[in-house]
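In C-alpha cells, the next block holds one chain alone, the form predicted on its own.
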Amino acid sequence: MDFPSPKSNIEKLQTYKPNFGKSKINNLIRLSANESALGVSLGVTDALKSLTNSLNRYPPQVSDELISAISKRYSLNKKKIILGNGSDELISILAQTFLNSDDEAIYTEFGFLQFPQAISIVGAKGVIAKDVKFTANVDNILSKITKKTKLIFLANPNNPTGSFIPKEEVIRLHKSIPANILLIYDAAYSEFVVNTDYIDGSELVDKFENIIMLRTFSKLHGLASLRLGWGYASEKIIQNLMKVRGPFSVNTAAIVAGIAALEDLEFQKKSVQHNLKWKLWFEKKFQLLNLEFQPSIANFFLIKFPNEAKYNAQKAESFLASNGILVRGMKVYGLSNYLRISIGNEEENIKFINKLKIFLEN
C-alpha cells in the first residue's frame, strides 16, 4: 500500500530513547536520566495547588513573571531571555531558525544526543569534533569550521561525560569563531558547578551577538516532568526564535512551578550540597570496586567496566535492572563498556553500590 513518505533524513534518523524502564518491580530506582535527587521544593508543590481553576485557559505566550524571576535570580537582562518547552525545544528551534539544508553545524564527539538529532531533522550536515580524554577540545572544534558552518553546539558541563572546559578555553573558542557563526552554549548542569574556572556563558551573551546560553529547570530544580527551559541571547536572536517557537510552548503549570522553584534558594543550596557530598562518596566507592570513572562536575558519572564476558557493561545494566535499578548504557556513543550513573538520594545511592558490588563479586 502506498503511503506518504517522510523526508529521507527523517527516515534514516534513529528515535531518541531514554532509559525509563519497564519492570514488574515496584519503586524502580531511576539513575538513568540525571534527574533531581531530592525531588522538588515544597514551594513548587504548594504553588501547583492553585492551578485547578485555570486549566481551561491558554498560558501566556510569554510569561513576564517567570522571565522577571529568572532575571532576578541570575542578574540577567530580561529582554534577552526566552522560555522553552525544555531546553530540548530551544535546541530544535535554533536548528530550524538558522540551518539550511546545505549548512553545517559542529558538535562534539560525546556531546548531548539532541544536538545531532536537531541538525539531522532540518536536513543540515552535522560535523563531529573529536574529544580529547572525554573532554571537548577547542582546537578540534575550530579545525572543523568551514564556509558552510552556521552553528557550533557545546554542552559545558558535558552530558554524558561530566567533563568541562574552563573559562579561558570557552572565551578562546568564542573569540576564534567568525561573527556569522552562532555558538550554542548548553549550560544545563551549571548550577551544580563549584569550580572557579567555569563560565556559564551569560557574560559572553552580554558582550556579543553570536552566542546563546541554554539552561533548564529539569536538573537542579527537579521540574523535568513539566518541561521548562530557557535561553539567554541577543534581542535579535530572541526575536527570530520566537517566530519559530510555538505560541503556547510553555504551559501554565511549568510557569507557576518555575517561579516558585527560583524563589526557594534554600532548596537549591541543599541540592548542590547533596550532590557534592555524594559525588565524593561515589568516587571512593568506585575506587574501592576498581572501576574506572570520569571525574564529573555535574550530577552523574560515566564509569567503565572491564571488557570481559562476565563483567561487561551490558551485563551490569541488565543485572541492575533485574534488581530494580535503571542506569544508562552508552552504546549509542560507541562506548559499549561504559554506563552513566545519576546521583540519587541516600537510599538509592547505597542500594545501587551494594548491588553493583554483588554483580562484580559473583
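Computed from a predicted structure; not experimentally measured. Residues carry their position along the shown sequence, with the first being 1.
In what follows, reference is made to the form predicted in complex with a small molecule, a form of this protein that is not presented.
With the small molecule omitted here, the record of contacts in the predicted complex names 219-227 of 141-149, 174-182, 127-135, 219-227, defined by a heavy atom within 4.5 Å.
The small molecule in the predicted complex comes within 4.5 Å of no heavy atom belonging to Gly162. With a 4.5 Å cutoff on heavy atoms, Tyr189 counts as touching the small molecule in the predicted complex. Heavy atoms of Ser87 reach within 4.5 Å of the small molecule in the predicted complex, making it an interface residue. The closest non-hydrogen atom of Phe112 lies within 4.5 Å of the small molecule in the predicted complex. Listed residues Ala155, Ile106, Ala257, Val170 were compared with the small molecule in the predicted complex; Ala155 is the one with a heavy atom within 4.5 Å.
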